[in-house]
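Before any questions on binding or motion, here is one chain by itself as structure tokens, the form predicted alone.
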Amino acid sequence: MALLRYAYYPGCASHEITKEANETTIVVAARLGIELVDMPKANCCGAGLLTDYDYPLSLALNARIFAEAESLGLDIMTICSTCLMVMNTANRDLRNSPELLEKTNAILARTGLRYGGNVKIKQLLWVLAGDYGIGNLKKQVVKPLNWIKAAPFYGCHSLRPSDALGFDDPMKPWSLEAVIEALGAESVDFKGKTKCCGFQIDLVDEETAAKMTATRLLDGKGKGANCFVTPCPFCHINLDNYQSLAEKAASKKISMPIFHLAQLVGLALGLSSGEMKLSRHLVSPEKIIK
């Protein structure tokens, strides 16, 4: 297959809090022959917090990212679902309104940039399931993960708003299950896979957020999953880092390992647990690694 190239946008969380997501994505992409081109001038997308506060500024910040990718002649790949949602929503608005695009470009002109509206923003999951292809991914597997029963957890911002994202049906998504099964693992269906992990209300109502996280984890565990896999670093933070809070909220021990998507792919490609940075997790996944 032809070489795939993307302007790479890991997002702020994967630069710091979930460094392992960024580092393993780079290793896995190289193993698959996917070239990730750095965007050294890229700024924060605003994480959705800026949109309601200052909409024109939010659009300009995102358009600045798009303009850099466009200058490289590349689409963007991100590993942050929140960045995916924010950037695609901004891109939708800019593409749907020539007037809005021109107003935004007037702001960008102060920095010598211009966005023509030609960039697409994808996440790693979409690249694997779509551009790279499930069939090609299967061919790269050297260590089928046939002992793993993985609960797929999409996260809100991988699926909604669907008019801006559009890759998966938000009610009946398929891509994460398809990738899991391509790796030789079993995909465990559970009703919470498309629901919120609780991250959005962590700073507002920690108790309610912990209960939500516990509900998701126990739902998957009750269906027989021995791990979760998510394409979203913020979901990973809630499901892994805050799992102890979820256990307290549920008054139950959960002990559920949570994989970043790239980590599970890497293991199936024959990469080691060390290369996949599994030691960075608070709930160790190494107990289920063979």
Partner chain sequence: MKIKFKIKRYNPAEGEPAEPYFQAYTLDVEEGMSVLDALLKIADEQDTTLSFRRSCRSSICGSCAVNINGFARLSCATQVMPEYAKMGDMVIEPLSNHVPLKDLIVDFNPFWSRIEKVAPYLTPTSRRARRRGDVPARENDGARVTARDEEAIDKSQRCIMCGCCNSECNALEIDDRYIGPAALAKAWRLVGDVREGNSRKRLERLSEEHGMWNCVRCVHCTQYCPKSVSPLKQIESLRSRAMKEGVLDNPGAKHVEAMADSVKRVGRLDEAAMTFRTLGFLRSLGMIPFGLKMERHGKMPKPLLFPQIENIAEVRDIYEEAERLEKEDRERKKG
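Numbering follows the first chain given and starts at 1. It should be emphasised that the depicted structure is a prediction, and the values quoted were computed from it without experimental measurement.
The next section is about a form of this same protein that is not shown, the form predicted together with its partner chain.
Though its partner chain is absent from this view, in the predicted bound form it lies within 4.5 Å of a heavy atom of just one residue from Leu74, Leu94, Leu108, Ala185, which is Leu108. Interface residue among Pro144, Gly133, Pro170, Gly117 relative to its partner chain in the predicted bound form, by the heavy atom within 4.5 Å criterion: Pro170. Residues placing heavy atoms within 4.5 Å of its partner chain in the predicted bound form fall in a single listed stretch, namely 156-164, out of 175-183, 118-126, 156-164, 133-141. Remark: none of the three candidate residues (Leu4, Leu32 and Asn226) comes within 4.5 Å of its partner chain in the predicted bound form, counting heavy atoms only. In the predicted bound form, its partner chain stays beyond 4.5 Å of every heavy atom belonging to Lys221. Looking at Ala47, you'd find a heavy atom of it within 4.5 angstroms of its partner chain in the predicted bound form.
Contact annotation: Thr18 falls within 4.5 Å of its partner chain in the predicted bound form, judged by heavy atom distances. Its partner chain is not drawn, but in the predicted bound form it has a heavy atom within 4.5 Å of Lys41. Annotation for 265-290: interface residues with its partner chain in the predicted bound form are Ser279, Arg280, His281, Leu282 [heavy atom within 4.5 Å].
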